[in-house]
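To begin, one chain is listed below as structure tokens, in the form predicted on its own.
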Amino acid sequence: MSTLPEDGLVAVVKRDCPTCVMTAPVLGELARRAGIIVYSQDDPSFPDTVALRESDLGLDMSHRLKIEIVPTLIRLEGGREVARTYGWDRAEWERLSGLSDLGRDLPASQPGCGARNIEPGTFERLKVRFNETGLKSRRIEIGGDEDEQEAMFARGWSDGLPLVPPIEERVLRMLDGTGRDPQEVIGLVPPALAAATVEKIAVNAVMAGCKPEYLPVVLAAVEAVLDESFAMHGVLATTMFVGPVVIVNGAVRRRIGMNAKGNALGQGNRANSSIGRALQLVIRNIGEGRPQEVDRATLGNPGKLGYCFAEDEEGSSWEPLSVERGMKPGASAVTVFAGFGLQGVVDQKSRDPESLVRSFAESLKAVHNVKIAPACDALIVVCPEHERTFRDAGWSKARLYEELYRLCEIPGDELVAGARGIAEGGPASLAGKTVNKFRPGGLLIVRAGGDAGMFSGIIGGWSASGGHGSVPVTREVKL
């Protein structure tokens, strides 16, 4: 890197900037009348009006001087910067240089162009080169002939699929997605109870394939699952099928392009897929929650790779899940639910809400087992065509909840162990009583899915019935 003069003028330019090209004669005039060193970001021969040019193709000087716009004109005195201007502004160039009548044939002012050293990717590479990242995570060096993907698999970082290598430049770009301090501790991730900083979560978001604008949603999801009432350690350790399901509400859904419509619970949308995956990688890589270790699921479910979708608020006649759970209307929020895979509710014939709600209720009774009640919480994903049936009849979400709970009352005689020829079931004391399939507040309803098809879904869960298990948690998305 060349050395800056103790006193005098310095300019940073690039040929690929109309304003820099326009001011080339002025730079030549400054060179003749006052002396100047010009650093060129993209062409060492530019400008040819100045003899004392320095190549800054590596952008080291531009980074050192914190150039944001070209042309930038700087005055140095005693080795220190005392004045700076950028773009072309005749009055400012004359004030800074102490000369008059500069650029008489030019307009009075013209904006400059973005400097090359602040371009995405370049800025982060320069911060890494100059050891200015501020990152605290330990860097793992791999051999020159070692395949990055195989190295990550071998170290146990992967969920079974390829990962995006979390190099420093990518982590820095990811952290640009939030204004939160990279070293802020979001919580302790079980089972290892290791501190999850914003930075470490960003590392896993990179590996999951997230964009920086997804990071606030990932952070909110991590905060939610680390809430004591969600019981993340229990969600891991149970032999049940569960994993965190993330439902996103508010403006952030649209801003980051989440899918709330056709195939909302399936593949194909980067935000949905990578946010859910990032949460699972945080649990795996920070908390050490790995299958066949603390994660004791007998079967698990495919959603444990990542289970995240947005509610279709715009198409719904009901209040969003987040508002139902206490958030302000319009606020961006996530709700986490310890859920199974999807159980379909297929009803293509019901045209009135009384018939359709009975289909939902009978399907709900099968969650866990038809002989177990109270069983668990359940998240009901109502498709648009089914929601329209309730809407056209004037049913609010509160009315739907009320009818579902009423219809999920089950005679205890049917639940006793051995009844109906099924050994599973409850104690004999249930006989003669009525038992609801779900605890109060154990049902959640959201609207999502494509406009065609009378197919809704039930995501069974691992509830807090009897004081055990997990309860849903909602957290605001903080930028």
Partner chain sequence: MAELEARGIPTVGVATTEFIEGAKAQAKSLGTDPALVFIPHPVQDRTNDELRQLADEHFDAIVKLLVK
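Positions refer to the first chain, counted from 1. Note that the structure is a prediction, hence the values are computed from the model and not measured.
Quick note: we don't show the form predicted in complex with the partner chain, though the next part is all about it.
Run the contact test on L193, T239 and E293 with a 4.5 Å heavy atom cut-off to the partner chain in the model of the complex and return yes or no.
All of them do, each having a heavy atom within 4.5 Å of the partner.
Using a 4.5 angstroms cut-off on non-hydrogen atoms, would E288 count as touching the partner chain in the model of the complex?
It does: once the partner chain is placed as it appears in the model of the complex, E288 has a heavy atom within 4.5 Å of it.
Is there a non-hydrogen atom of H233 within 4.5 angstroms of a non-hydrogen atom of the partner chain in the model of the complex?
Looking in the model of the complex, residue contacts with the partner chain include H233, since a heavy atom lies within 4.5 Å.
Choose one stretch from 373 to 381, 79 to 87, 184 to 192, 165 to 173: the one whose residues place a heavy atom within 4.5 angstroms of the partner chain in the model of the complex.
Residues of 184 to 192 come within 4.5 Å of the partner.
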